[in-house]
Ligand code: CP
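As a starting point, one isolated chain is supplied in structure tokens, in the form predicted on its own.
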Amino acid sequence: MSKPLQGRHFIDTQEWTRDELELVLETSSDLKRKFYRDEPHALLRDRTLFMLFWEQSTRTRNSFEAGMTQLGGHAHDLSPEKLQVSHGETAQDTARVLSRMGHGIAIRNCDWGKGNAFIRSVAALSRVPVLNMQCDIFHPCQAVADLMTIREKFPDGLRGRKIAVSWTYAPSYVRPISVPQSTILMMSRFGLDVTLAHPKEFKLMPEILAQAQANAAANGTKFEMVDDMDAAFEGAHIVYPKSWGCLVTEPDRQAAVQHISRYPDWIANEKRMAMAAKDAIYMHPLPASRGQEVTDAVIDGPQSVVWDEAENRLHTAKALMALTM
């Protein structure tokens, strides 16, 4: 296959052109068809991917590991305690070593104020492509899979359709802000009108909001922010209710949990789904806190596409690896 993206790092979708992202989506769809037809597609035979995980993972780890196997290569599942970074080895030295031993490095590090910086430090000295499997600022792999899913569900086009990206209640732990940030950046570039909803404490990074506004202006779409979940759902064709922490305004974790506890009514339920468009779909990157972020009737209901969305993590991960490694 032609590989115009070979050797490219994938850290933030904003760093790739629309044409480059379209190539990823086109390749994802082709690999999905091959997967279902059981057609061989060992595009990365004898290649090695090093996967560095600072957090637990279900979809991300398995999409990359299974994907690498299906592409004919091998993925190493690594964590800090398996590496000398746990004893003080620098990101730069880790990059120098691993990039001489394999063909790609994929990293998930959501430590607030550290994750993206670590990934970029590795990328700066790596001889091979570095893929961001999620950091404290971005989750570009999720955004690509989400756009693929939305296009599958609305094959007639996205122009003029509305996506509601809304904060939800989930007090169990403080979740990263990377999913909503990558979502508003990606969807504002590809034809969707974006409405972002959250209580006042749960702001996203100002520079990300400015980029989303600029994306919308450049691509003839709309970007608006509201503090009302009902207003966000009203007339939406895609609803994306997802919890995230108030890390921008309150870095203290205990205080952040207290802020979350104030808003138990921010939940995706049947009443709110009825406010959306008749053909609206419900999305979530998973895992979802049932009974807090969303009711069972919604996530298990006919408008939910979360399982298709999760599956597309596999096909998009394979496309990113096949094109860059």
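Remember, it's a predicted structure, so these values are computed and weren't measured experimentally. Just count from 1 along the sequence shown to find any residue number.
Just so it is clear, the following notes concern the form predicted in complex with this ligand, a form of the same protein that is not shown.
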Among 137-145, 190-198, 228-236, 69-77, which stretch has residues with heavy atoms no more than 4.5 Å from this ligand in the predicted bound form? 137-145
Can you pick out, from Arg59, Arg47, Lys32, His259, the residue that has a heavy atom within 4.5 Å of this ligand in the predicted bound form? Arg59
Would you please decide whether Ala297 lies within 4.5 angstroms of this ligand in the predicted bound form, comparing each non-hydrogen atom pair? no
Is there any non-hydrogen atom of Arg108 lying within 4.5 Å of this ligand in the predicted bound form? yes
Flag Arg313 as yes or no: does it have a non-hydrogen atom within 4.5 angstroms of any non-hydrogen atom of this ligand in the predicted bound form? yes
Within a 4.5 Å heavy atom cut-off, is Ala42 in contact with this ligand in the predicted bound form? no
Residues of 197-226 having any heavy atom within 4.5 Å of this ligand in the predicted bound form, listed in sequence order: none
